[in-house]
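Listed next as structure tokens is one chain, alone, in the form predicted alone.
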């Protein structure tokens, strides 16, 4: 809301024109200057590559204070939700604004689990991909294709259609993801079992085979459920902004989420945990870590430290603290004590928490550092890391999409630009060009 008593005055050089910009105040967080009348009044735009100082929307869903290391879902600290809640309960919270009561939770859980199967004809889509296709490429294609199979409920202005699309996406994306993995290794697709929990069901589809029974380890299921919670939403990041931008055009939700998956695929976004393990593989052994750290500290070196620090968090990422504890729980449960890559990761962790170079620069291990270690320990291949991220973030994307389309003031996204190309010039005939 705007604060009538506080304004920011902008004056242009030359003509001396000025404009008072209202300062908007949220529930918590910094004030925001309302620039909507800037161009009409002064004839200038703002220049903000990466939108690091620009609020693109109003949202009730997620709040981050990077300096203090705070992450809230609908006002609830991520630490409390990760410890006490479940992923589907968090999904309900993100989409509806409040935690469910017992009856609401049961109805919501059943609504999700009843949509876990995908259309049988979608099976044939997998055969069109090469076996060595990256699972994220398969995810983009199959999720986008859902709009061709569920076109009877694509009126996003209809609340019932929005509700059904929500259930379908949250329920079917894990099935699509697990089948992408099964296809890549040549194993039969495993159908979902609605008697299992969300994370438990995903692990079953990922690891089970028809020839024998498979029992999901409850410690690993709980760890994955916690990973899903920690990755469910993270405010207006690149993929969420992509979903909102696509949604602003009136595109159907399946197309919007497919766009989010494509954005998440980038190594600077969802591929960061995969990059952590690649870094460790290049280091090679615990003995070579000091040399690598020396290169990181050398300004003339190109060595990159992956899994440390965060663009938003200038303090310890609150998700990383939870993930650190989960990591050690998983390693203990699996009895892993002699994995060379995990030994390297633990040594990197020790150095980061004790070396003044890291401490002064606030280069703490982030959520991607620990999640990569956990998933590797669980036997999940690195090509699936970003896919699991997409499974979790689908809940946040759908919540943000619903909030956007239900906002009567939403407009189609249309960023401005600073044009630096050629000025006006006349066309020259081919014969006259030198």
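Residue numbers count along the first chain shown, from 1. Just so we're clear, the structure is a prediction, and the values are computed from it rather than from any experiment. Between two forms, the rigid core is the largest collection of C-alphas that superpose within 1.5 Å.
There is another form of this protein, the form predicted together with a small molecule, and it is not shown here; the text below is about that form.
**Q** Determine which one of 161-169, 264-272, 143-151, 78-86 lies within 4.5 Å of the small molecule in the model of the complex, judging by heavy atom distances; exactly one does.
**A** Heavy atoms within 4.5 Å of the small molecule in the model of the complex occur in 264-272.
**Q** Within 4.5 Å, heavy atoms only, which of 367, 374, 390, 398 is in contact with the small molecule in the model of the complex?
**A** None of the other options qualify; the answer is 367.
**Q** Given that the small molecule is left out here, which of 215, 131, 304, 114 has a heavy atom within 4.5 Å of it in the model of the complex?
**A** If I apply the 4.5 Å criterion carefully, the residue I get is 304.
**Q** Decide yes or no: are 237, 299 and 308 jointly within 4.5 Å of the small molecule in the model of the complex, with each residue judged by its heavy atoms?
**A** Verified in the model of the complex; spot residues all in contact, yes.
**Q** Taking the shortest heavy atom distance, is residue 361 within 4.5 Å of the small molecule in the model of the complex?
**A** Judged by the heavy-atom cut-off of 4.5 Å, residue 361 is in contact with the small molecule in the model of the complex.
**Q** Please check if residue 357 has a heavy atom lying within 4.5 Å of any heavy atom of the small molecule in the model of the complex.
**A** Residue 357: contacts the small molecule in the model of the complex.
**Q** When the contact criterion is heavy atoms within 4.5 Å, does residue 319 count as touching the small molecule in the model of the complex?
**A** Within the cut-off, so yes.
**Q** If I superpose the two forms on their rigid core, does the C-alpha of residue 328 end up displaced by 2 Å or more between this form and the one not shown?
**A** Residue 328 C-alpha, core-superposed: shift of less than 2 Å.
**Q** Take the rigid core as the frame of reference and indicate whether the C-alpha of residue 303 shifts by 2 Å or more between this form and the one not shown.
**A** Indeed, residue 303 is displaced by 2 Å or more.
**Q** For residue 292, is the CA shift between this form and the one not shown at least 2 Å following rigid-core superposition?
**A** Yes, its C-alpha moves 2 Å or more.
**Q** Which is it in the model of the complex for the CA atoms of residue 359 and residue 329, closer or farther than here, knowing they shift by 3 Å or more?
**A** Note: Cα gap between residue 359 and residue 329 widens in the model of the complex.
**Q** A 3 angstroms or greater change in CA distance between residue 51 and residue 362 is reported in the model of the complex. Closer or farther than in this form?
**A** Result: closer.
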